[in-house]
Each structure stands twice: as structure tokens, then as C-alpha cells.
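Only one chain is shown below, in C-alpha cells, and it's the form predicted alone.
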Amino acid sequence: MIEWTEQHVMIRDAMRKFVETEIKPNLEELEHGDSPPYDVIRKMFTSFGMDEAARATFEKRIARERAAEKNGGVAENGKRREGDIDTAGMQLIPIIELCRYCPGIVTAMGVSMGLTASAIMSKGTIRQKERWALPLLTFEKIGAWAITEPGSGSDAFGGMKSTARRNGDGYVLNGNKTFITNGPYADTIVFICKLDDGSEAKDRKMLTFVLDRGMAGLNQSAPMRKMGLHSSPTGELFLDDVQVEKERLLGETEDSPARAGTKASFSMERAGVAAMALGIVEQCRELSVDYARTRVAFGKPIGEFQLIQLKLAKMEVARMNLQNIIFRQIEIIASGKSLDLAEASACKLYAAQAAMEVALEAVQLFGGNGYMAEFQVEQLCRDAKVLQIYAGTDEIQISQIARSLLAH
């Protein structure tokens, strides 16, 4: 794949119109007000039929899994099917276009219908999928994926202190999670912890539970204040002796490979960063080109100065590279495959650094104006920084890529 198809361009143009109509006029409220982004996301789902498409896809998959179980076979659980280039592009183009103005919306949406719903769809029983995953996929409900803890940082598994203790036929959950996207407003929470069975902490099984807002002992904090992604609410979760029945244990078995499922979620999250970065880079480049044409200094447009031209050229190179990464991802999705963890890490490492470098160059090109909130590059620069931190820092991506190389 070397260029966008006609269908892709139609999807892109429709998304741009939606962004211009529904998001751009409300950007100030989304970024600096008290309005969470969920109503806007739901309006997008309704406008583009994304909710009904998700429901239809879900029902087909559940029907296949029921048929497989009825025939005595193993249900298709998390296995991807081949699609087509246009359908695959539909998954990434909205991310790109939304990130031109509001990357926070993408994070809120992606964690809910991506990480949270995918965790349930990958390892859950049919009953669990129908109960919790479908409302997330149609965005009727908001989801949060809770793994990070205070003090654990990049050592998500080794530093994890949240526990599940067996209690009759159920469990008692305790722990504290932080930096949880959608945490303050989530209706459904995928909670990852260790089984407290008396063994050494490093040897304990990882278990995943599905929780609902309002459960006794579960406290969801108010939104945290942060540097960027203001339109993506982030919070803490506190669990104090939360009683859960076994049906909330994902897969309803302690033998489900929770670590492998979590790593698959990391791969998906990291692959999505490239589309976010492309949206940020495209907008920074477009704003910078316009500014370089119209801003006059020393009697001529600043675009005539070679140092400014160098900045613009670097932005275009980054845009081309990111677009080619997206094209590869679309082809992989269409083939029914997915990036392995090392390749997803490589995509995220380059994309995050490219977005940050381009955004900083845009601020520098705008000069004093670039530092002012009235000019959009200021917001995009703040938003771009998180791409180097969440879903694994740059340093973690480097380690993952190197380990993969050395293992072969």
C-alpha cells in the first residue's frame, strides 16, 4: 500500500467535517473546562454508525463462538480474521483526524473500547463478553484498564502490590491504581492484580477481574491535573476489601494467561501511537507552513529563511515516515494479523519521538506566539509529550526492541 484509497479519502473528509463542526468549536471547554469528552465520542459513534457496526461485528463473533462450542470444538477466542484495506483504514483514520485537534479524545476512546473491551473479548467467557464487552464496544458505557500503580512505573508486573485473596467461591480485592485513563468516570473497570496465595510475590499468578462502578469498597478519584491531554480524564482507583464473585474473574479461571494477555494489550496500545503521532505531526506541519508564509520578519516572510525551511523539511520527512508506518499497519490489520511486541515498540518509539520533535520545532517556528495558549501548537506540544511516556516509556521500548534483536 503506497497511498490512501478513494474510500479512505471519503472517510477522512467526513471525519474532518465532524471535527470541524463538533470538536473544534468546543476545544476550549474540552481542554480547560469541566466537560468530559464522552458525549462528543457518543455523537461520533452515532453519526458514523460506529455503534451499530460494532454491535453487528460482535454478534457475528459470538455466533461463531457458540457454534464452535456446540460442535465440541474450541471457541474462536481473540483470533483475528482477514478484512480489507478500506475497513482496516477505518480503524486508524478517525484517530489521525481527531489527533489534529484533540488527542485526549482518542486516548479516552481508545482505552475504553480498545484496551478495556479487547481484554474482555480476548480472555473472557461468552457470558462475560455479552455482559461487559458489548456496551464498551458501542460506547454505551465507559471503560478503564487498570494496571499502573504508585511506585511501580514501568515495572508494572514486578512492582505490582494489588492483590486478590480467595474467599470461599469468590475473592477479596485490595490495591491502589494510578494514572488510570477514564478512571474517574468508568462504568466498567478491568483490574489486574496478583493472587495472594502465600507464595513469593514474584511467583504469584496474575489475575484479571471486571469491576463495576459503585461496588462496595471501590473508590474512583476526581480527575487529576496534568500537563497535557486535558480532554482525557485520568484518575486513581482505591480498592478496600472489594468482594467479588468468580464470574468477575476474566475467563472464570485462575489459569488464564493474564501476563500474555496484558502484553498483547501493550502491543495494541503501542501500535496506535503511530496514528496519534501522525495527526499531531500533520497539524503542526500545516500550521507551521501557513505561519511561515504569512509571518513577516526583516521585510520578508520567514519561510524564505533557510533555518525555517529546515524545520519545515524535517516535519515533512516525519509525516512521510509516519504515514508509511500507518500504511503497513493497515495492511497487517487487513491480513488478519497484528504487530508483535517488538515491532509495535519500534513503531511507538519512532512515532513518539517524531511527534515531540515536530511539535517542539513548531513552537520554535512560531516564536513567542508558539508559547501562547491562543496558538494551537502550544497544546499539541503538551499533548505530544505523553506519547513518550504512556504505554511504556521510550526507554522501555528501546529495551524491548534490543531484547528481541539479541534473542534471535
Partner chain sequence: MKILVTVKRVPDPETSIKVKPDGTGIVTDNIKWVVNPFDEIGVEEALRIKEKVAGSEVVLVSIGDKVAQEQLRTGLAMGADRAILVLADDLDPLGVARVLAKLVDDEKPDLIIMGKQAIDDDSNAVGQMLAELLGWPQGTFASQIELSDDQKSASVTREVDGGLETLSFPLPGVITADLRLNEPRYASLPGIMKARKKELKEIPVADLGVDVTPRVTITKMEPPPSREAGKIVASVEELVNLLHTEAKVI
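Residue numbers count along the first chain shown, from 1. Remember, predicted model here, so these are calculated numbers, not experimental data.
The discussion below concerns the form predicted in complex with the partner chain, not included here.
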item	value
Proximity of S404 to the partner chain in the predicted bound form, heavy atoms at 4.5 Å	no
Close approach of M10 to the partner chain in the predicted bound form, 4.5 Å, heavy atom	yes
4.5 Å heavy atom contact, N167 to the partner chain in the predicted bound form	no
Distance check, A14 to the partner chain in the predicted bound form, heavy atom within 4.5 Å	yes
Selected contact from M90, M268, M206, L312, since only one has a non-hydrogen atom within 4.5 angstroms of the partner chain in the predicted bound form	M90
One residue of M356, A346, A53, I41 in contact with the partner chain, assessed in the predicted bound form (non-hydrogen atom, 4.5 angstroms)	A53
Interface stretch in the predicted bound form with the partner chain - options 378-386, 43-51, 60-68, 30-38, non-hydrogen atom within 4.5 Å	43-51
